[in-house]
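Here you get one chain, nothing else, as structure tokens; it is the form predicted on its own.
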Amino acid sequence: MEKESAEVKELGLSEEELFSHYDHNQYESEKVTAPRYSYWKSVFRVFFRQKINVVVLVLLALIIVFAYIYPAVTGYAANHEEMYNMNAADNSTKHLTPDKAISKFGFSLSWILGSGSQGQSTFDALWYGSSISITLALICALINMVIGILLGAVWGFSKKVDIVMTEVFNIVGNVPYVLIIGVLIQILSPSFWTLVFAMTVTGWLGIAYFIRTQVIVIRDREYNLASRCLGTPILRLTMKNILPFMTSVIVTLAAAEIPAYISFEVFLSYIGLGISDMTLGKIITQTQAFLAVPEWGFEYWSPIIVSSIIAIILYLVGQNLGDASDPKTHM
């Protein structure tokens, strides 16, 4: 004790400075000191941790610029029919390879992919068609995801809804999706919104069934049983207790849906069920006959490569964002 007192005196501090009374407070004692956690900040921190995601985002930004801003700046979006046929009377402008098109018209982005069957710019037509295909995919994905997620969550939580929706799924789900779309397009006029309606009238059903199976896994956890015992409505349980825990699953599902609709639109146009608008699918369909001429094959492969790049980039962004949305990766 004498040794400890000597050490305390060496500090040159008084007893009041060394010792102070601290009142006990049970609420203060229960506080836990921990860094604040923000879910979305953690999501983006994990997402940008991988350098490849930055590259993919840059490519996605370029796709958006060329699909939506470039046609508007060049005037192709507003006057696409006029610009598509502006050289139709001049045979010397048709089916030109990139080097020949640049030699004839001068260097410009419009001619780096050559010219088409009407003397039109292949590059301009491709990106204008891309804007229509991407818009179509985004609208269809948004409608199907919203309906599928909300209905699927209630479907998995309510046994009464489950009985009805399971029968609907067994009947409608076994009808080929392409057949439903084909019949609707034949009955209605083949327009943009007709295709949107045809692809969303039953497109949400598969998403709803997938969400239903995910909800069943977590609906009987203790906190959900406690909420039900307290009389919490099913809709509130779904929105507060179920869907927030499925963010990563929903993002991953959307990552697969958006590029799938782009590919599906190309497929429908290829089999003759496309719309009248100049989409990527229609461009591919119109240029497939040019494969017979070696110098014209470039016109066919250009839209295929562009549509593939768009689908891959959209999938990678969504898939990597879905992985980053998993709270297990935030540690």
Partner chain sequence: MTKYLIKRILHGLISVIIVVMAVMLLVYNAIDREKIFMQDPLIQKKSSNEKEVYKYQAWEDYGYLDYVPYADWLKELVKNGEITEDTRAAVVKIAVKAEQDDPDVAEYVRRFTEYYEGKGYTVSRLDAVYQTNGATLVKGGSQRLFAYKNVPIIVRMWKYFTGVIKIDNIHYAEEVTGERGIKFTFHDPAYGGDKFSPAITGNGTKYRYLLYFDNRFPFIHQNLVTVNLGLSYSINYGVDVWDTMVLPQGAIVKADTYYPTGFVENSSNDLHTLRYSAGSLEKGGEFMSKRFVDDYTITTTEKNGLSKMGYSFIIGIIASLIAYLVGIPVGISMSRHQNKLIDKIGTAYIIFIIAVPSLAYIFMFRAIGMSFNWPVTFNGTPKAYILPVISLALKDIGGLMRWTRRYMIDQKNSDYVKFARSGGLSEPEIFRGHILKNAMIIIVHGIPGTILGALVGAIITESVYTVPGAGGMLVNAIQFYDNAATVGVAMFYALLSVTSLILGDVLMAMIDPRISFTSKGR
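Numbering follows the first chain given and starts at 1. Computed from a prediction, not measured in an experiment: that's the story for all the values here.
Below, we refer to the form predicted in complex with its partner chain, which is not included among the displayed structures.
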item: Contact label in the predicted bound form: L179 to its partner chain, heavy atom within 4.5 Å; value: yes
item: Any non-hydrogen atom of A311 within 4.5 angstroms of its partner chain in the predicted bound form; value: yes
item: Residue contact check: G272 to its partner chain in the predicted bound form, 4.5 Å heavy atom; value: yes
item: Partner proximity in the predicted bound form: M278 to its partner chain, non-hydrogen atom cutoff 4.5 Å; value: no
item: In the predicted bound form, the one of A78, I187, V164, L230 near its partner chain [non-hydrogen atom within 4.5 angstroms]; value: I187
item: Candidate from V175, A89, V73, A226 lying within 4.5 Å of its partner chain in the predicted bound form - any heavy atom; value: V175
item: Non-hydrogen atom within 4.5 Å of its partner chain in the predicted bound form for each of G148, W193 and T200; value: no
item: Options 89 to 97, 232 to 240, 150 to 158, 167 to 175; stretch whose heavy atom lies within 4.5 Å of its partner chain in the predicted bound form; value: 167 to 175
item: Interface residues of 241 to 267 toward its partner chain, as seen in the predicted bound form [heavy atoms, 4.5 Å]; value: P259, S263, V266, F267
